[in-house]
Every structure is written in C-alpha cells, then in structure tokens.
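Okay, so here's just one chain, in structure tokens, the form predicted alone.
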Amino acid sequence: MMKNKKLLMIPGPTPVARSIQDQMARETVAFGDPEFVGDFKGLIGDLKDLWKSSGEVFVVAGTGTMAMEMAIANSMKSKDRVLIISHGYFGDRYTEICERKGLKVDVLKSEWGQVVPVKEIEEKLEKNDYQAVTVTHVDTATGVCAPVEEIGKLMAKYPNTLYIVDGVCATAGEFENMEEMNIDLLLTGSQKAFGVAPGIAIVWANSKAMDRRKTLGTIPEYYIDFEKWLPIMHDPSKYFATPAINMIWALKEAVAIIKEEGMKNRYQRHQRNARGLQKALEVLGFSLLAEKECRAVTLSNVIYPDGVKDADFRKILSEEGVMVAGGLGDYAGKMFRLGHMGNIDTHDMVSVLAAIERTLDRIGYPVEFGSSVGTYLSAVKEEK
C-alpha cells in the first residue's frame, strides 16, 4: 500500500527546508577554511543585528538545554538569588539547573495554560534583591506565551537584575527584540523556529550581561564559559572547540531566509497560521490548553474531546501522514502538541488539518470534511 508522506509537526525538531538541508549536505571543510570563517563571521553579525544585541552572540555546538545552562553559568555564582517565572515543564527545568548551581531559587508558577501576572513578579522584585529573573518565552509543555515585553518594562526599574529569556520554542517565531524588550540574555536552539536540525545552541548577551560575566572571574564550567568562546566569536579562525561546520552553514541559510522575510513579517505569518489553526481545531471539537490571551504562535497544545483516545488518535494520525507529540505532566494522554513554526507554509497547514479530519473519521468521531480547512483558510485571509 502507498504510504502517506510524513509531516513532522512536533514542537521541534521542525521540518527543514530543502535549501537548509543542502547546506548540511555540503562537503565538510576545515574550520579554518577562509570561506567558512567568512560565513561564520557573517552569521554572527546577522544574529546580533536581527535581535538587536548590544553585546555578543555565542553560536556553539549543543542544545537548547545547554544554552539554558550557559546563560546561568555566565551570569551568576553560588548563593546568588534568582527568580524563575514558570509557565510549565521547561520553566521547572530552569529550577533544577539553578539549584545544581547552588543558587537561592524563588519560583513563581502559574496554573498550566495561564501566565504569572506581572503584578506578582513586581511584588517579588520589591521584596528581594535578585541577581537575575528568568522566564520561558513559550513553554512547550503548555503552549503559553509569556508577556516578555511587559516583563521587560518592569525589569527596567531593576538595573542590577539580569533579565534572562528562554526563547527555545519562541525565537525566530515569536517577535523578540533585545533593545526594545530590555532583555539581557536570550537563548535558543537551532531546531525550533529557525527550522534547522538539532545541534546548535545560541545565546545572545548584551553589554550588561557581559559586564556581569567579568565580575565572576574564573567560573567552574569550561566548555560553556563565555570567555572561552569570546575570541572565536570575534575571530572564527581561532580555535577553542570544533565548531559544527555544516550546522553553521545551515543556520546561515536559515538566517538568510529570516532576513528576506523580515522579523515582523515572520512573526505575523506565524500569528496568522496559529490563530487560523487554533480556530479550525476548535471547530472540530478540540479545545486548547493555553488561555486565548496568552496562546503561543509557535505551537498549540490541543485537548481531546470526550471519546477520543490519545494512543488511537496519534497512531492513526501518523498513518495519515502527520507526526505530533503527546502531552506532558498531568496532560499526558489528554492532549497532543502540534508545532507550527519555522518555514512551514499553507500547504503544510492544510495538509495537517485534512489529516486530522481523516483521523477523526477513522476513529469514529463525527467530522464534517473540509470544515477545519475552510475555517483555517478563511481566518488566514481575514488576518491579511
């Protein structure tokens, strides 16, 4: 039997466009090759310009979790105090990273699907002297988008506290501007909204964050020390540890696509697709975990209607050509997570919805064919 093509629609890794794949398939060269050095230098410059960093950007072989640890290791020392704003599983992950570093950790947690009110953050900042505040821009477990800009305005009143934003499931999808949003450290990985395969960690550090690093002296960490990587970020012909050459080419191509599209346009495309898809899923009888006013544009966390079993739904949806992820925590078995970020297009979105309709039909759940596709297309047209 002819099998359906498989669309990868988990919250990361995301589908990789052909031009990015082609860069990964290039013949590998020496990391000192003048052409590669020029490409790497150009990429670093573009990343600084696009995200408006007044300081540095570190492009290092690793994952988003390593980027999380890198931001903490270079900004705080043992017994420093940090406030973690957690909107789900990955906010909680930051708690463990900080505790292992020997930091004094205060956590503000929201109910899954909601955000921590900015007023609560302000109350904490008034009571305690924090060296840093961390927030996950989009928590992959809940599909919640934090009010990063609003928190940034608040942080301007606390110049001695670093504002660290985990952009792993947001950067290059949700709009981010370090200057406008008062972000000191921003971190992400290559495999989400950049639309590149896993393997690159990216950390932006503004001048305030770099000044903080200088005050720490020698830190216990080696590979993720900013000071080990700084000479390479200034001159990529130098050596500290081997760069992921083909991945850097792939990221350079992804950034070229972003530059051509424009940062605001890219965000607006993600927003149109997300809002259209979310309306379409509700038409089919699903509901969304994240409350309407704080839904991410990079993924949707979709709760099943009564009578739909997770294992059956995801197995048949996979046969119909779409791979999604299961729910986490208390929502395991109660929802699926659908990524819609990076370089996906209208064809992908329509295909996903049609596959979901076919799946519902196969499991005996009532569905009107075309209803979700029509809703999505109408909503996207209205947004334009």
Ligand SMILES: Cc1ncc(COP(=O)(O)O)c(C=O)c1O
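The structure displayed is predicted, hence computed values, not measured ones. Numbers follow the displayed sequence, beginning with 1.
The same protein has a further form, the form predicted together with the named molecule, not shown here; the description that follows concerns it.
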task = Let me know the one among 196, 172, 138, 71 whose heavy atoms come within 4.5 Å of the named molecule in the predicted bound form, would you?
result = 138
task = Counting non-hydrogen atoms within 4.5 angstroms of the named molecule in the predicted bound form, say which of 346, 65, 318, 54 makes the cut.
result = 65
inquiry  = I'd like to know if residue 90 sits close to the named molecule in the predicted bound form, meaning any non-hydrogen atom pair within 4.5 angstroms.
reply    = yes
Close approach of residue 202 to the named molecule in the predicted bound form, 4.5 Å, heavy atom = no
inquiry  = Whether residue 206 contacts the named molecule in the predicted bound form should be assessed with a 4.5 Å heavy atom distance threshold; does it?
reply    = no
ask   = Just to confirm, residue 166 within 4.5 Å of the named molecule in the predicted bound form by heavy atoms?
value = yes
query = Which of 157-165, 218-226, 241-249, 130-138 has heavy atoms within 4.5 Å of the named molecule in the predicted bound form?
reply = 130-138
remark   = Across 173-201, the residues having a non-hydrogen atom within 4.5 Å of the named molecule in the predicted bound form turn out to be 191, 192
